[in-house]
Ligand SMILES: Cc1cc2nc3c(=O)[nH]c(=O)nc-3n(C[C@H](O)[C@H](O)[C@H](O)COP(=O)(O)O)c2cc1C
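First, one chain by itself: the form predicted on its own, in structure tokens.
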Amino acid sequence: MKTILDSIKDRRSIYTINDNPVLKDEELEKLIKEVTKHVPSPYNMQSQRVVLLLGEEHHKLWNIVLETLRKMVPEEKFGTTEAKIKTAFDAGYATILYFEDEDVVKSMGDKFPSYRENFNTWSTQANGMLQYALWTTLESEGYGASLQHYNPIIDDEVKETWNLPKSWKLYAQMPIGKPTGEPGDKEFMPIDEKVKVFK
């Protein structure tokens, strides 16, 4: 049986995914809701927000990214950009969008003014925990995923397209799907340079 440590070791950025289902949609939705519910946040402020895009909604997101980049990337270089978007991200089964509700973060700062500046940092850390927890859980279920950051250039159109609150700040986009290849080699620096133990 796969352990939590196994899943942590196996979680990698996978850029070769397809749209074959791994779980049924309702199972995927339930999994995402359960992980999101139980990931911690400072003062239990629960400012993390998640949007799951399935089917045509998933493709709509990557078309927004593509058309936004078309206006920014030189024409002679756009072919490479388009190929990457279509094969590594749009080719997947679904996309998870990660947000923070800035109204919640502000209200916590108002409630605890001596920690006001900390709540922005803490909310970012909490969102990172959510991203990592979902990524690792999805990997253990057989999904491949990668984390993308086309924000803030797509933020306004994303909020308008899916009628999301203005207070939701987009942090990341995670395309997921069935892996069709293996991740590349990963180099690790000596662990003793990262972890110090004093006895």
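Start at 1 with the first residue shown and count on from there. What you are looking at is a predicted structure, and each value in this text was computed from that prediction instead of being measured.
The protein also exists as the form predicted together with the named molecule; that form is not presented, and the subsequent description refers to it.
Checklist entry - Can residue 148 be called a contact residue for the named molecule in the predicted complex at 4.5 Å between heavy atoms? => result Output for residue 148 is yes: heavy atoms within 4.5 Å of the named molecule.
Quick check on residue 178: any heavy atom within 4.5 Å of the named molecule in the predicted complex? Flag for residue 178 set to no.
* Might residue 135 be said to contact the named molecule in the predicted complex, defining contact as any heavy atom within 4.5 Å? -> Contact with the named molecule, yes.
Q: Would you check, heavy atoms only and a 4.5 Å threshold, whether residue 13 touches the named molecule in the predicted complex?
A: Judged by the heavy-atom cut-off of 4.5 Å, residue 13 is in contact with the named molecule in the predicted complex.
Select, from the options 28-36, 56-64, 43-51, 148-156, the stretch whose residues sit within 4.5 angstroms of the named molecule in the predicted complex by heavy atom distance. Contact criterion met by 148-156 only.
- Message: Pick out the residues of 168-186 whose heavy atoms come within 4.5 Å of the named molecule in the predicted complex.
- Response: Heavy-atom contacts within 4.5 Å come from 186 alone.
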